[in-house]
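Below, in structure tokens: the form predicted alone, a single chain.
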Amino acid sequence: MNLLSRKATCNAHGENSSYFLGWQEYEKNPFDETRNPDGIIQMGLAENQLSFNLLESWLANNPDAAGFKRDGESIFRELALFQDYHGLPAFKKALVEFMAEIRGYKVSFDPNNLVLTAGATSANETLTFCLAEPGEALLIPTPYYPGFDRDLKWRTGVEIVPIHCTSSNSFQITESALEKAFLEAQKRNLRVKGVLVTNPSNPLGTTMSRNELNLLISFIIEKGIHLISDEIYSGTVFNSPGFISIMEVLADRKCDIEVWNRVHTVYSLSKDLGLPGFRVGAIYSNDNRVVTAATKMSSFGLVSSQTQYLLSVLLSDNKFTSNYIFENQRRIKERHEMLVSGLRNAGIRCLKSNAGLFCWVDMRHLLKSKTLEAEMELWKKILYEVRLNISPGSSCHCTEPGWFRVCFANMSEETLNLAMKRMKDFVDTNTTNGKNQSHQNFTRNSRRKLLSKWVFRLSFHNREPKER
């Protein structure tokens, strides 16, 4: 008799994915510049450590906020006592203003439509609970963040049907891809409740075009379904084209309230501010029923009052936020260029990108064959021999073997340079071995041909003459 629930004992969490397996191997042998210089360098973690000094400087200059004081008086007891799960009004106001600032003030947000959650993971799962029943489906364009298989499916029972995108158009969403995914769901007897996209994309590091966003809105209008736009990387855009929020397109199209109510946005401070440990996420929806239900559900994953107070003071400092957004994007761009340049030096190219904390890297030319098995073989070599943990495209449900997600913002410049040196040495060695093997094969084949000719000539000359 099993004393645990099926949910506790099932394997649907997704930890058997190569995305999570790479993490497990890294944790067994983590790189450290002094203690373990030959360890595995973590390049599978989309974490922003580039602007910590800006945050630390602000904290040093604002000791009252960090010490939970207001006008020099302690508010520790006020924050330590029970708080309403609707969230602190001052924080929600500061957060929506920060979200508007990131979007160039082209859109605005009503704090009454905001639901606070313990990170974007919680936000996406909560929205899934609100919009779909077990056995129903969400459509998601590939490649997509590997964690969605856990975040959206494990506890909700909702299925994911991929919208297959390809490198032929830089993995942009097309009308035919949307229709094929919808038909595939119908063949599987799955009712489609919505489409979920990440914009900017994880793992592509690209922003969605206005045409793609308009296509999505037209699609959900036609099908009568929802659209979730996960915009957690909206503040990391460092190159043109700029970021276009789904909210901006809705406003430009002058969509009616019924459409507005079926479009929902997810945000977090984990990537833009580099605060994943603070667990601050948010759902934004114009549908009061979604806001009410999600607010009730948020009681299972609240943001602490202390965190809300500290960040409300920080985000209300307009001078700081303006400088931070600009400087953070500059640093991301600089680090992105370091990675692209280092990979190019190793003979590896990346998909052209303009956002995110990672690159979508093309290693198809390093595969022994155009198969998933060859991709996994290459990934294992990079993990165990090169000692770099990167995410294989198959973990992101990419249908083209040989693409990998490589992160660059969670390490020092010195560590990134070391990673690039390791990669170049690996490529050079394999290229040399490949040339040597080709040369050996050529020489072996040439010898076989010469031997065959010699045997043929010998047999010809030794033949007995035919009778006349």
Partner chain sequence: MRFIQQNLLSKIAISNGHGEEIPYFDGWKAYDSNPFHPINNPQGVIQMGLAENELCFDLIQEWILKNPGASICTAEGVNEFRDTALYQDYHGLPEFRNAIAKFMGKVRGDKVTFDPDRIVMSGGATGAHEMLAFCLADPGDAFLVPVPYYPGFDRDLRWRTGVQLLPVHCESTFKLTITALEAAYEKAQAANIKVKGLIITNPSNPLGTVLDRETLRSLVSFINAKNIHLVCDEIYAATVFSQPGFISISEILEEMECNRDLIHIVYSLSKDMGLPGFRVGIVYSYNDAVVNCARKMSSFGLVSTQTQHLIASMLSDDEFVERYILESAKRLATRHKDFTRGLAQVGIGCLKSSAGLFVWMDLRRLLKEKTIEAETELWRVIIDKVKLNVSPGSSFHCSEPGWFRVCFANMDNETMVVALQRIRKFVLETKEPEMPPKKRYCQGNLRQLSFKSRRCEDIMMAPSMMSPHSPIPQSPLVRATT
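Everything quoted here is computed from the prediction, not taken from an experiment. Residue numbers count along the first chain shown, from 1.
Note that the form predicted together with its partner chain isn't included here; everything after this is about it.
**Student:** Select, from the options 316-324, 365-373, 101-109, 219-227, the stretch whose residues sit within 4.5 angstroms of its partner chain in the predicted complex by heavy atom distance.
**Tutor:** Selected stretch: 219-227.
**Student:** Have a look at Val386, Leu339, Leu302, Ile163 for me and say which one sits with a heavy atom within 4.5 Å of its partner chain in the predicted complex.
**Tutor:** Contact with its partner chain in the predicted complex is made by Leu302 alone.
**Student:** Going by heavy atom distances of 4.5 angstroms or less, which of Arg253, Lys296, Arg210, Lys380 would be at the interface with its partner chain in the predicted complex?
**Tutor:** When its partner chain is considered in the predicted complex, the option within 4.5 Å is Lys296.
**Student:** Using a 4.5 Å heavy atom cut-off, state whether Phe238 contacts its partner chain in the predicted complex.
**Tutor:** No, no contact at 4.5 Å.
**Student:** Give a yes/no on whether Lys187 approaches its partner chain to within 4.5 Å in the predicted complex, heavy atoms considered.
**Tutor:** Lys187: no, not in contact with its partner chain in the predicted complex.
**Student:** Even though the partner isn't displayed, in the predicted complex is Leu343 close enough to its partner chain, meaning a heavy atom within 4.5 Å?
**Tutor:** No - in the predicted complex, heavy atoms of Leu343 and its partner chain never come within 4.5 Å of each other.
**Student:** Would you please decide whether Gln306 lies within 4.5 angstroms of its partner chain in the predicted complex, comparing each non-hydrogen atom pair?
**Tutor:** Looking in the predicted complex, residue contacts with its partner chain include Gln306, since a heavy atom lies within 4.5 Å.
**Student:** Residues Pro89, Glu159 and Val195 are flagged as a possible site; in the predicted complex, is every one of them within 4.5 Å of its partner chain by some non-hydrogen atom?
**Tutor:** No: no residue has a heavy atom within 4.5 Å of the partner.
**Student:** Taking its partner chain in the predicted complex, which residues of 114-150 have any heavy atom within 4.5 Å of it?
**Tutor:** If the 4.5 Å heavy-atom criterion is applied to its partner chain in the predicted complex, 114-150 yields Ala118, Thr121, Ser122, Glu125, Thr126, Phe129, Cys130, Leu131, Ala132, Glu133, Arg150.
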